[in-house]
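Presented as structure tokens, the chain that follows is alone, the form predicted alone.
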Amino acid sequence: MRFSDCKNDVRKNVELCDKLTHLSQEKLNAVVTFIDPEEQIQEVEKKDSSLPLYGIPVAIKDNFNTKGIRTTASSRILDNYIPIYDATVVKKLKEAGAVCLVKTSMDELGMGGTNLNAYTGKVNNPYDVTRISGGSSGGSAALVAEGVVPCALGTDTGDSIRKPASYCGVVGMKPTYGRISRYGVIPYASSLDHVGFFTTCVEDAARMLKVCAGRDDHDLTSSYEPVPDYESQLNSDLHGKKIAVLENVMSSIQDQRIVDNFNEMVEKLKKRGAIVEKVTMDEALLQTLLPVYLIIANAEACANHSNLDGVRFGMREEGENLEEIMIHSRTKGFSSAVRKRFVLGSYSLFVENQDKLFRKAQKVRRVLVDAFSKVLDEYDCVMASAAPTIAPHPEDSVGEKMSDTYLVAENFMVLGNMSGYPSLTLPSGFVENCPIGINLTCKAFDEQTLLNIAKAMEEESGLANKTAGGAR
């Protein structure tokens, strides 16, 4: 489903998507909370029908605050949390005419890449329900991939939009850090978190970015950069565009079918006039990506979530004193996977460990970003397979294992978070009837080039608007 499919009257269109999301729940388990759309329908019907998202149903990842609607971040400790305001980007969607239908499942507090540790259980891949959707924005990716909503909000701290996009066969975009406000988003790691979205085609992604982007005084990290009309400026002409293939990723992928698919796309881009060359970054440096990410992200998470103690708000477990209440609440309120991350983050923030762990990780991050920036000084875009495998079964998921084979290929998209550069994954083909994708990253605030190159690739793949659910 794409935006242009939503041409019926608002009520008919929204009610159809609402029905489809309910029907998909048994298959996908992608929804945490269903939202009664009636009040929103009535409000939208009063608005100008030329609004960019007029009557478009949208799914919202469950770490975006939604006024009066439960927002859990898929964590037991937030099971009773009902915000009193909308996140800025949710407010923008509504102002543009969108109707918010559901809050989607995610890895708890965004901490994961599989969507296996959500309080409500595993999210299933629409193409093969025995496989994972990827995470942490797996619920949003799955619903768009199933074709029951045309777009969905997500967040991306390491690759949490772009990896699920690959596994589920949709377009997943993370724009430049600061391009979209993070106000009202339950954070994971503030220096790495990005707001983004899923669509079924590049054209819809361009429209979503225009709607969502812009300065927000509630988020002082949001940018004053002007926001172009990305959709009207889409141009798939690649003549003279210089694209770097990140060879560190491609050389470590063992599934030759994924490599062949990627190479076929490279040849098609060359025929369209692009200059495509292989680039190799320092392998030892890239192998620091995962450990540096884990240290920084989890240290920031400890600070961001210190208020989740069962006292100020959230689910409370009783105890004989304040300390026991907090211990019991956090022990029962968080999954073992999240508690593990908090332990790691706390350890790196101990006074005696800050210099040798946290500050050292920050310095290595700077070296990584500088090295990546040098590549983009010479090229318009960096390109690689978004994942080294199709969506795995839960027991085969690599997760955060320090695998020699996939240490770089599984984690290279973290470069987009460490640098803040805009990055997008789009589908490029199928292996064993499961989607595979290609990731693109461009210079800061050069989302137009990112979308233009993606549009050319989409034209070559012929996979625009393909969903697991087929025509609706």
Partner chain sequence: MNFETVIGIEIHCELKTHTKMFSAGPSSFGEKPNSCVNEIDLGMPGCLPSLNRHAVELALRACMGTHCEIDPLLKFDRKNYYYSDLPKGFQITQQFHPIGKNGYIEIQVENETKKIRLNRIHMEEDTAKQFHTSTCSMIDFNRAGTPLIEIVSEPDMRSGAEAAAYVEELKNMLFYLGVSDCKMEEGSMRCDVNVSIRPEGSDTFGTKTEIKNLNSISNVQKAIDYEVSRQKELLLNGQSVDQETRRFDEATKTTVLMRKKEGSVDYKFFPEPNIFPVLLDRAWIDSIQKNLPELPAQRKEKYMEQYGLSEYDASTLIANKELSDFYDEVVKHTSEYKLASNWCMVELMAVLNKENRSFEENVCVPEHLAEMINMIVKGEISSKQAKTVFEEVVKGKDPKKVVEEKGMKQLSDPNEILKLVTQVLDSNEQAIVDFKNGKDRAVGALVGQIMKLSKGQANPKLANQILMEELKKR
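This one's a predicted model, so the numbers in the text were calculated from it and none came from an experiment. Numbering follows the first chain given and starts at 1.
Heads up, the form predicted together with its partner chain isn't pictured, but that's what we're talking about next.
Engineer: Exactly one stretch in 82-90, 244-252, 373-381, 199-207 has heavy atoms within 4.5 Å of its partner chain in the predicted bound form; which is it?
Structural biologist: Stretch with heavy atoms near the partner: 82-90.
Engineer: Quick one: is residue 312 in contact with its partner chain in the predicted bound form, heavy atoms, 4.5 Å cut-off?
Structural biologist: Residue 312: yes, in contact with its partner chain in the predicted bound form.
Engineer: With heavy atoms only and a cut-off of 4.5 Å, decide whether residue 94 touches its partner chain in the predicted bound form.
Structural biologist: Flag for residue 94 set to no.
Engineer: Just to confirm, residue 267 within 4.5 Å of its partner chain in the predicted bound form by heavy atoms?
Structural biologist: No, residue 267 stays farther than 4.5 Å from its partner chain in the predicted bound form.
Engineer: Though only this chain appears here, would residue 275 touch its partner chain in the predicted bound form if you measure heavy atom gaps against 4.5 Å?
Structural biologist: No, residue 275 stays farther than 4.5 Å from its partner chain in the predicted bound form.
Engineer: Can you work out which of 318, 229, 396, 352 has a heavy atom no more than 4.5 Å from its partner chain in the predicted bound form?
Structural biologist: It is 352 that has a heavy atom within 4.5 Å of the partner.
Engineer: Work out which of 336, 307, 130, 256 lies within 4.5 Å of its partner chain in the predicted bound form, going by heavy atoms.
Structural biologist: The option sitting close enough to the partner is 307.
Engineer: Going through 99-132 from first to last, which residues have a non-hydrogen atom within 4.5 Å of its partner chain in the predicted bound form?
Structural biologist: Stretch hits: zero.
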